[in-house]
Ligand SMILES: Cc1ncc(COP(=O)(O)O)c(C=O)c1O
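Given as structure tokens, the chain that follows is alone and in the form predicted on its own.
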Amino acid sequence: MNYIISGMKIDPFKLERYFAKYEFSAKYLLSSSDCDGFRMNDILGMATIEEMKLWQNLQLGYTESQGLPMLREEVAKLYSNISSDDMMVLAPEEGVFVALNCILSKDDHVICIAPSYQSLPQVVRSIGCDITYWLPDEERGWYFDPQELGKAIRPNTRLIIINFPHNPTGYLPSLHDFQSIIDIAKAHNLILFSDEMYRYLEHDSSLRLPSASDLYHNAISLSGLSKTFGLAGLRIGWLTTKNHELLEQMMAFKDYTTICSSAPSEVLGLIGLRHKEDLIETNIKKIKRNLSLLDGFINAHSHILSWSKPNAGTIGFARLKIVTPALDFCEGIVAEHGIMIVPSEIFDYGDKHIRLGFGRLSLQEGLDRLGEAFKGV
């Protein structure tokens, strides 16, 4: 298979450029989508004698392109129908770029969830595909109606892109609705790309959905260590699929991106996943505590903010009840009060919403500062 990417032009990644501008200068971060990163000592402190030997004896040479076999074996334990041979390890953002370039040609039509992480639709547009956005109903708690998804299918539809738990709203569909999405893809023999970066961060674990790659041969699921496991700095993620023809194409494409992953990151990721229950439990406790704080803050400032309380992940999408556009509001807040908040313009979703993150220990301090800022609104 030939890949035609030499002439690709791609727009700036607005969210990442916004974070680059403010993330390391603003004192208070109220829009971060991850949990606090665990320290190196936290991870090595969990390690068994065997795991410490892997770390101490690590040779800093090239690694296997598909990913360290022991790491892939641990990843497979997160799924019910995926083996270590049904995946490849790569950086999460790289996974989006690699998968979409292998799946799509310029004459294809794509249905993509929106609002969304920009790279999901942006890579599609850069390939030259026609794209239809699957939009939620805010009044119904950011509900994504599978019937609307089915209506968007065309004769040249090739791919459906979904993201649950959803960034930026925190919406999680019911199992019935999720199965409806899978059934629609199956009925039309469509590829399904499922961004599952927040899976295992359901606030009620009984609501957890199966991975799309566990349910459907032509599904590709994206996940990684950045969100759920608090290990974003390792830059380790993975794609899982039972479609081995597509998997081989994606591994061949990766030869033109990173070739292989960082050896230290793979071993640290392996140790983290072998002790995943501790990492997840720490983050879930923090999320639940912070979600209660944030919900109380929004209720106390209901003349300025409202939201549909999320039931999964680390982020929610709040509505601003002021005349000022969200971007102007957020840039004023960061300039005058040192509080970084992401406006909905960054997601190409109007100018009346802001993304709020609740995965950091510093949330209360940031909310106290925001409360002071609201006194002048």
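Each residue number is its position in the shown sequence, starting from 1. In this text the structure is predicted, and so the values were computed from the model without any measurement.
Another form, the form predicted in complex with the ligand, is not on view; read the next lines as being about it.
K.L.:
Exactly one residue in S265, S126, S211, S226 has a non-hydrogen atom within 4.5 Å of the ligand in the predicted complex; which is it?
P.N.:
For this set of options, the contacting one is S226.
K.L.:
Which residue, E138, E74, D177, E93, has a heavy atom that falls within 4.5 Å of the ligand in the predicted complex?
P.N.:
Selected residue: E93.
K.L.:
Run the contact test on D86, L100 and T240 with a 4.5 Å heavy atom cut-off to the ligand in the predicted complex and return yes or no.
P.N.:
Checking in the predicted complex: none of D86, L100 and T240 is within 4.5 Å of the ligand.
K.L.:
Tell me the stretch among 296-304, 267-275, 101-109, 159-167 that has any heavy atom within 4.5 angstroms of the ligand in the predicted complex.
P.N.:
That would be 159-167.
K.L.:
Looking in the predicted complex, any heavy atom of I82 within 4.5 Å of the ligand?
P.N.:
No - in the predicted complex, heavy atoms of I82 and the ligand never come within 4.5 Å of each other.
K.L.:
Please determine whether W134 contacts the ligand in the predicted complex, using a 4.5 Å cut-off between heavy atoms.
P.N.:
No, no contact at 4.5 Å.
K.L.:
State yes or no: in the predicted complex, is some non-hydrogen atom of Y216 no more than 4.5 angstroms from a non-hydrogen atom of the ligand?
P.N.:
Close contact is absent here: in the predicted complex, Y216 is far from the ligand, nothing within 4.5 Å, heavy atoms only.
K.L.:
Taking the ligand as it sits in the predicted complex, is H203 in contact with it (heavy atom to heavy atom, 4.5 Å or less)?
P.N.:
Answer no; every heavy atom of H203 is more than 4.5 Å from the ligand in the predicted complex.
K.L.:
If you look in the predicted complex, which residues in 190-211 sit within 4.5 Å of the ligand (heavy atoms)?
P.N.:
Stretch hits, in order: D195, M197, Y198.
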